[in-house]
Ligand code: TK8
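A single chain, nothing else alongside it, follows as structure tokens in the form predicted alone.
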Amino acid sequence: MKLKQLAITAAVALATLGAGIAQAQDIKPRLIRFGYGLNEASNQGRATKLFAEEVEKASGGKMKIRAIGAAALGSDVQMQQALIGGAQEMMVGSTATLVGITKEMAIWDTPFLFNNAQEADAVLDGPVGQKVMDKLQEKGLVGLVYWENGFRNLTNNKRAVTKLEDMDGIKLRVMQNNVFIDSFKTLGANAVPLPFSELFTALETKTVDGQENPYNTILSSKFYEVQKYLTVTNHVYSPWIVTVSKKYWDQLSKDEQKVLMDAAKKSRDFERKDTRAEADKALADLKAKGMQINQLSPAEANRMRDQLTRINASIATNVGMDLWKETQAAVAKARGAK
């Protein structure tokens, strides 16, 4: 009798254990592939790590970010298409590479639009920034927040650029974006559009002479190994944007969407602070690594700005005069608020 009772108890225990295992298998966490272009040790990589931690914590482990850096999932453009098609869930990348999908994104490519990061924060996080981001939904993407890439500066291997004429004939890698291509052609460079993932090799093999990126990216991507001259131009403030596949977003509950949005905002605040702190020391690090640094004078910056008047007019026409005027008004308001 006791043996029979023990057998029944064991059977019940096994059945309960089996049900528990089956239930645990049923509630696998949502795995979200999050692609980015830089390496894990970069500002982009650090902010992605924090985002992943916040998502897992806020969801109680029910949502997990699988961070995949170093362009392993493809270039920004390739990842954007994967998100639109629903083959990838999330990414962070340059707003400049979204211009072919959402023309309004070109407003952030306006040369010399912002004088400092505080102006950029006010406009990007305000009504204008939200209005531009919302346009992505029509194309199959959902924008969550803007991160900071930073003010872009010029490097090359041909000569020190101290005046407008020094740009003549430099084969300069630019993003796959018509505003960047036209801007640098207007300044006299031979603009060569290339994905970021191909850039180091192109510089190393001298397929191109130079490129333009923020200090942080120049440092984390080790461009100092294949570039001699750096000119502080601050010609464009370059934002990154965290995006989600709309096909995927629409499958999520409101609570799940909130987890991603709240984590994205925390990552934004961390990323901007981290990027700015790193940028402060990155220039000194680049100099210590042997790069020849020179500052573009205000007079030469104004000459470049004047040269690009036609580009600004083209951007205004492309994004629409209403958005152009709203943006200029928002910048003026931010500038006056200091």
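Sequential numbering from 1, following the sequence displayed. Quick caveat, the model's predicted, so the values are computed rather than measured.
Only in words, not in the display: the form predicted together with this ligand, which the text now covers.
J.: Only one of Ile311, Ile65, Leu38, Ala282 comes within 4.5 Å of this ligand in the predicted bound form by heavy atoms, so just point that one out.
T.: None of the others qualify; the residue that does is Leu38.
J.: Since exactly one of Gln88, Asn177, Thr102, Asn213 fits, which has a heavy atom within 4.5 Å of this ligand in the predicted bound form?
T.: If I apply the 4.5 Å criterion carefully, the residue I get is Asn213.
J.: Is this ligand in the predicted bound form close enough to Lys158, Tyr224 and Gln292 that every residue in that trio has a heavy atom within 4.5 angstroms of it?
T.: Zero of three within 4.5 Å in the predicted bound form.
J.: How about Trp147: is it within 4.5 Å of this ligand in the predicted bound form, going by heavy atoms?
T.: Answer no; every heavy atom of Trp147 is more than 4.5 Å from this ligand in the predicted bound form.
J.: Wondering, does Arg268 line up within 4.5 Å of this ligand in the predicted bound form on heavy atoms?
T.: Arg268: no contact with this ligand in the predicted bound form.
J.: Phe196 versus this ligand, in the predicted bound form: is there a non-hydrogen atom within 4.5 Å?
T.: Phe196 belongs to the contact set for this ligand.
J.: Within 4.5 Å, heavy atoms only: does Trp108 come near this ligand in the predicted bound form?
T.: Looking in the predicted bound form, residue contacts with this ligand do not include Trp108, since no heavy atom lies within 4.5 Å.
J.: In the predicted bound form, which of the stretches 131-139, 244-252, 168-176, 259-267 has residues with heavy atoms within 4.5 Å of this ligand?
T.: It is the stretch 168-176.
J.: Which residues from 82-109 come close to this ligand in the predicted bound form, meaning a heavy atom within 4.5 Å?
T.: Residues within 4.5 Å: Gly93, Ser94.
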